[in-house]
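As structure tokens, one chain now follows by itself in the form predicted on its own.
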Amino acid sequence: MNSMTELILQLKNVSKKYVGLTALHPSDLDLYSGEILVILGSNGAGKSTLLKLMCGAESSDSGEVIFLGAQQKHWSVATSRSLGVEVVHQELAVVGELNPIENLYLGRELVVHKRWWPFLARRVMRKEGSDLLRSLGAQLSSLKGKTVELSGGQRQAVAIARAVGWGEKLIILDEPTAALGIAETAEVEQMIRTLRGRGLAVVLVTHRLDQAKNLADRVAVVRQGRIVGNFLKADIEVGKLAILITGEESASVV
């Protein structure tokens, strides 16, 4: 591991059971700054459960969650967000009727007070928001129109930028290019590389093996509630990943 990276989040022996189902067997996973960790697995493999344990949306039945070296006894979404963890869900968390800048600051609007009255600092938000989008390489057709009028890739860029505005340490992306075309996918992938370049820890869930090969610094493969493979970039082989995902030697490469 590069000496310049920082261990952000550790999951130690974490597991999750639901009624009649073990969604995740005891598992370990480390997340580092300046690194893209890709998580692969078929539907129902346990990827979503693993993500929920990362961000505190679910509590673990066993083990420890350690953030920046401190054990988190009450790991929750509120706690993780307060420490700089954000999730971009597959269903875009943007409000279509608001413009991109309004979406970026939704829930954390900047306010100025004039003669004891609060006013939205629209000019400041527009300047800082446009600077953030530009720094991430987001190419938006308009910052003033409704977000619903943007392309799918542009809306995803707004969602990612909003997460970066809140998340200072770890960004979790759940299938961010699933509904995008080739050009839009390339733009979002470049944004993901930019997040890594800013020193963030990035977790990317995808079903695309080519995307994993191109973007990942590490790949973790989940099957039947277990992490069955954890590979550094130099060791990533698409054929091997396909076999691990399905458990079948005859698995086809996507």
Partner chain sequence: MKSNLTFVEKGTRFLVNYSALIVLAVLIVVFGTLSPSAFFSLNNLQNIFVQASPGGVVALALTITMIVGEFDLSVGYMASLAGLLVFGFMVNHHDSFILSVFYSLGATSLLGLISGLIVSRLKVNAFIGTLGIGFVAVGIVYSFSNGALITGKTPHIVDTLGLGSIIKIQNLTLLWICCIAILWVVTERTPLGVHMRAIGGQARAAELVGLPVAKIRMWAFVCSAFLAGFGGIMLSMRLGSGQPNAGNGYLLDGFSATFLGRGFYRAGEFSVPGTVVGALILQVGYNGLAIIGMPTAAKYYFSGGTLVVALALGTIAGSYHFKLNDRKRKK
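No experiment lies behind these values; they were computed from the predicted model shown. Positions refer to the first chain, counted from 1.
Another form, the form predicted together with the partner chain, is not on view; read the next lines as being about it.
K.L.:
At the 4.5 Å heavy atom threshold, is P118 in contact with the partner chain in the model of the complex?
P.N.:
P118 belongs to the contact set for the partner chain.
K.L.:
Applying a 4.5 Å heavy atom distance criterion, does L173 contact the partner chain in the model of the complex?
P.N.:
Contact with the partner chain, no.
K.L.:
Consider E168 of the chain shown here, and say whether it contacts the partner chain in the model of the complex, taking contact as heavy atoms within 4.5 Å.
P.N.:
No, E168 sits far enough from the partner chain in the model of the complex that none of its heavy atoms falls within 4.5 Å.
K.L.:
Is E97 part of the interface with the partner chain in the model of the complex - any heavy atom within 4.5 Å?
P.N.:
The answer is yes: E97 has a heavy atom within 4.5 Å of the partner chain.
K.L.:
Can all three of E187, R196 and H207 be found with a heavy atom no more than 4.5 Å from the partner chain in the model of the complex?
P.N.:
No, the whole trio is out of contact, none within 4.5 Å by any heavy atom.
K.L.:
Have a look at 131-139, 67-75, 175-183, 109-117 and name the one stretch with heavy atoms inside 4.5 Å of the partner chain in the model of the complex.
P.N.:
Of the options given, it is 109-117.
K.L.:
What residues of 161-188, in sequence order, lie within 4.5 Å of the partner chain in the model of the complex by heavy atom?
P.N.:
Heavy-atom contacts within 4.5 Å come from R162 alone.
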